[in-house]
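Quick setup: one chain, the form predicted alone, written in structure tokens, and binding and motion questions come after.
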Amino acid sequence: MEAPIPEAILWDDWHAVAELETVRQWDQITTTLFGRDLTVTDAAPGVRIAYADGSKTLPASIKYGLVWTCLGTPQRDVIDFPESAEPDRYVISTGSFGIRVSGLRLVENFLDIAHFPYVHTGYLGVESSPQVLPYTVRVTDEDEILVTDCRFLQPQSSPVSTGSLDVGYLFHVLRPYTVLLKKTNAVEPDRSDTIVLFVQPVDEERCVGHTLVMSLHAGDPDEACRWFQRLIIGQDRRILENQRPRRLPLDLKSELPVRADLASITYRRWLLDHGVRYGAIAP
């Protein structure tokens, strides 16, 4: 049976489907997007993307060291991040990782600071200090979710941290499968590093996360960035793959009992308002 076609807001958007370095290394790779098997072929200086059965060639773009495609008709460009052009930053694709869970679950996990002391203890939090201080969430005039005023005491906020740091966080949900965070740089605390998660929905219960780090040169060297992000994501994977159901419930009363879940509540309500049901459980 043919895989379902998701809502237009998802189908007609660009999605990261591979790291360019991997495609260059193997000449051709296979991957899956919305249940459709694809081939991504090195065609330097670009790439060629097509359905695996050869029935259709798809649009292709390369940006941030990632390969992008759209199964429908793109209604907007791949997102541009102004900080990626700043000369004192590394702009690094830090890896692609498969997780057996809905892509919406992965985005929600990225927004959740309450799990830091338990899942990332010794790095992003400590179990003896699990409090989540009040923070602010709003939907902007551009119809994006902005989470501000987040703070967390972290023993090792990055590979170059030399001690605990009171870290400020800002989250920005730009599209259903794209979320950005800015966090205090351990070396220049008046500036922020930027981390972006691009989620590739393999199907409704599996996804691939592609991570992009735009880190100050005064902070993490590029290999340290890769190591640290892979460590944190590996810790998240164990928790995510044990969640049931694998799809994200959109019932606002489900799984979200406390004030610390305000970002998750807003994200679920925002998905409902946009008619997103792919990878979700409707109320």
Partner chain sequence: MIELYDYELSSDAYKARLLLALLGVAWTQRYVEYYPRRQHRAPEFLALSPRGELPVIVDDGTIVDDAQNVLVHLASRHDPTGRWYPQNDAGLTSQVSTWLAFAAALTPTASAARLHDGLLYHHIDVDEARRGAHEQLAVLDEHLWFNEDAGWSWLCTVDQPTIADIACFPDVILAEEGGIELRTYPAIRRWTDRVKAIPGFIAMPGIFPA
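From a predicted model like this one, the values you see are computed outputs, not experimental measurements. Positions refer to the first chain, counted from 1.
If you look for the form predicted in complex with the partner chain, you will not find it shown, but the lines that follow are about it.
Think of it this way: in the predicted bound form, the partner chain has a heavy atom of just one of I62, L58, I29, L250 within 4.5 Å, and the residue is I29.
In the predicted bound form, the partner chain stays beyond 4.5 Å of every heavy atom belonging to F81.
Though the partner is left out of this view, R76 does not reach within 4.5 Å of the partner chain in the predicted bound form, counting heavy atoms only. The partner chain in the predicted bound form comes within 4.5 Å of no heavy atom belonging to V196. Contact check for L180: every heavy atom lies farther than 4.5 Å from the partner chain in the predicted bound form. Of the candidate stretches 96 to 104, 185 to 193, 166 to 174, 139 to 147, only 96 to 104 contains residues with a heavy atom within 4.5 Å of the partner chain in the predicted bound form. Interface residues of 225 to 242, taken as those with a heavy atom within 4.5 Å of the partner chain in the predicted bound form (partner not displayed): R226, W227, R230, L231, G234, Q235, R237, R238, I239, E241, in sequence order.
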